[in-house]
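The chain that follows stands alone, in the form predicted alone, written as structure tokens.
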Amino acid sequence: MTHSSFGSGPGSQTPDGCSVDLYRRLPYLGDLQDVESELLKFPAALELGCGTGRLCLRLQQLGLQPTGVDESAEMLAHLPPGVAGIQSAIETLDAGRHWPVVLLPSHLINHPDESTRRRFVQAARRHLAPGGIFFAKRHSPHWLAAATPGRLGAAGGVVLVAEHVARDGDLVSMRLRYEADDAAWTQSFTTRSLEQADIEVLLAACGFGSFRWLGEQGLWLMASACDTVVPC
């Protein structure tokens, strides 16, 4: 099973197969709903892997000053007005400043490669201010185990269809098709199903503690930085 990610369709594609034109069309889908009450306590946030800034816009609406990180200049060009953008891969990010909140949304914590997951968490730890909070969102293991080819839903005039689903242990590979009236895109990727304990072990090794899982499905992890950073 390959771990590569790639996409197709009109417009430019990012290295991980995301279509810039597609992400410009997609609306905010309530991704932060389970953590909004906690986010309201802070003045600013850094979002890792922000894309075109759908979550950054919601952070603005909640009263936070967001900064978005993405390796795609094309994605960053569509950030909402007032949102600062940093072009960088998450793993190598060195912004030279710290934030009271760092978010790793979009199931990036489920990256199939363990070393990449670790580097994502290390980047979050490097940029978290003293007393700050790290939020990471995982895939639902139940959904990854049960997903089959077929229509998954629709939003903002875009229909989402799973064209292919394959499993190899805790690795799940999918090819998704996004269909609009005037265009269609595909994205193929592999993700790793992770239990809460798997993620807590990783974060603890990288200097985080005080774990708290939020939401009915327990998909968002809220963690604070320990005083002593333990290299992971």
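Note that this is a predicted model, so its numbers are computed, not measured. The first residue of the sequence shown is number 1, and the count goes up from there.
In what follows, reference is made to the form predicted in complex with a small molecule, a form of this protein that is not presented.
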### Query
If you check in the model of the complex, do Glu114, Glu200 and Trp213 all have a non-hydrogen atom within 4.5 Å of the small molecule?
no
### Message
So the small molecule isn't shown here. In the model of the complex, which residue out of Met75, Leu128, Ile109, Leu144 has a non-hydrogen atom within 4.5 Å of it?
### Response
Met75
### Message
Given a 4.5 Å cut-off on heavy atoms, tell me which of 136 to 144, 94 to 102, 158 to 166, 81 to 89 is the interface stretch with the small molecule in the model of the complex.
### Response
81 to 89
### Message
Taking the small molecule as it sits in the model of the complex, is Asp21 in contact with it (heavy atom to heavy atom, 4.5 Å or less)?
### Response
no
### Query
Quick one: does Asp70 come within 4.5 Å of the small molecule in the model of the complex, counting heavy atoms only?
yes
### Task
Indicate whether the small molecule has at least one heavy atom within 4.5 Å of a heavy atom of Cys206 in the model of the complex.
no
### Contact flag, Arg58 vs the small molecule in the model of the complex, heavy atom cut 4.5 Å
no
